Each structure stands twice: as C-alpha cells, then as structure tokens.
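Form predicted alone, single chain, as structure tokens, below.
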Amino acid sequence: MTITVTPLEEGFGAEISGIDLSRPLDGEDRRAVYQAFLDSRLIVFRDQDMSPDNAIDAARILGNDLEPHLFKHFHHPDTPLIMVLSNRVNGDGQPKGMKDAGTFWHSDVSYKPNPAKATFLYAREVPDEGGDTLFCDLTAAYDAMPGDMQDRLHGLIAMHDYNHVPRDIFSKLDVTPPPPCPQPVVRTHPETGRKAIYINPGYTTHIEGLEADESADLIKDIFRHCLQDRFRMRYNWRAGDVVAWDNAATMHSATTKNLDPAKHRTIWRLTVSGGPAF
C-alpha cells in the first residue's frame, strides 16, 4: 500500500490514507502508521469496513496488548476486547451499548497505575449532527507553558479517581470503581521523550503535598491554560471513521450526554494497554 499522512485542518493530528484496515498490513506499513501515531498524537482513517477481528488487529498496530473495559455489560458479543458505545436499545428497552462514555475532559484509564497507552474508536454509525468528540493536545499545551510554570509542576504528583465525577452507572451496574492512584502532573512520553501535562478534569482530584485551596487553584490554572482554543479541536465523525489517540499526550471529551435518542451513534472502542506513567 502507499500511505499518505496529512495533517488535519481542524487542529492537531493527522489523517492516514491509502490504508484498508480490513486487510493485513505488512511490517513497513504498520511501522509507518505507528510513527504517524507518535508524531501526530492522534490519527484518523476514513471509509473503513471492519469485522471485530479486523479492528483488533488494527488496534494492535499501536500495541500488542489490549484490555477489556471495566463495564462488562457493554462488551461486544463476539469479544470482550471491544466495548460498544451506543445509544441504541434492544426491543425490551435494554441498551445495546454505553450511551455516554464520558462527556467531560479525561485521559483514558489515568485512574489506574498502568494507564491506557492508546484508544482506538471505529464508527459503525453516526448521526447527521451531534456526537462529536473534543480533543486537547497536552503536549502542545506543556510546550507553550511559561518556563516558571513548567518548573513549578515538575515533580508534583496528583491523585486520579475514576469516580471523581459522580456517575450513577456504577450503582446501576453494581460495578466497583478501582481505588484512586497517583500520577505525575507532568509526564514524559516513554518513546518520544516529549513532556505533556498529565492531569485531567474528569479523574484528577488533587495534587499531593499541597493545601486543598492551593491544589484547587493550581489545578484550575493548569486547566485554564490547557483548554485554550489553540490546543483544542472538535472531531466530527463520519460512518467508517477510525480515530486513535495517544493517552500520554492528549485528553478528550465526548459530547453524547444530551444526544437526541432518535439520532443513533454506534462506535466500537478498543483500549491498548500501557505501562506506568512514572
């Protein structure tokens, strides 16, 4: 195949064309896709038509180890490695997938000691409007941060808690969230060596070693900086899109909480396992 990598006009990230993810890729093509992922932090493939096995193989371009999501109720019927995100319901009114996977800013699985390396989404169906995903480039945000602020953040540790934003889904599904865990406020990417802010509004509760007010004020200052328009982008989905991103360098937010239930959106999600952030 002939691969073309084109920066997205909407913001950071890149579109990769010349790839059919339903077919096996040779080693050279897989390395080219992976390098684009490292360089761009977010990659997009258009017009894909994949089976569950195809999606699993494609996600493994970014890392061989995939992990099931905590919510077993929304696993794909063919494999626990795919989580179904959907607002469709069965004939008996039961959800076919998880309606809202997080309409708040977060980095996937930052609440575990080994957070997710990458997230891989494949759009099976999308509405004509609504259901966009917002992204924030935390590497660019760190690079643009004043030097004295960078110095202040180095070495600080923050606590992350999956239940920081209260969600009734835990009680409805009788699922116990994992215990809170510490992560660095500034994370050095294990492969690129680039630094990024590694706290997020969805899961970060406080910064260790600071008084409560000082911690809250510092976190507010960090998010005010990171969430400037120049570091953000809105991704408008099309059916057949695949979007994958580097969780060590970005955060994102769904916008599906208030999606019209008559506008159907079904996406497969796969999670690529990562190592410790320290």
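Numbering starts at 1 and follows the sequence shown. As the structure is a computational prediction, the values presented were derived from the model and not from experiment.
What comes next is about the form predicted together with a small molecule, which is not displayed.
When the small molecule is considered in the predicted bound form, only one residue from Thr133, Asn87, Thr79, Thr139 comes within 4.5 Å through any heavy atom, namely Thr133. Note on the partner interface in the predicted bound form: the residue among Ala158, Val109, Ala101, Ala196 having a heavy atom within 4.5 angstroms of the small molecule is Ala101. Figure note: of the listed segments 246-254, 215-223, 57-65, 29-37, the one touching the small molecule in the predicted bound form, with heavy atoms no more than 4.5 Å away, is 246-254. At the 4.5 Å threshold, heavy atoms of Ala116 stay clear of the small molecule in the predicted bound form, well away from it. Contact with the small molecule in the predicted bound form, defined as a heavy atom within 4.5 Å, is made by none of Arg41, Arg232 and Met233.
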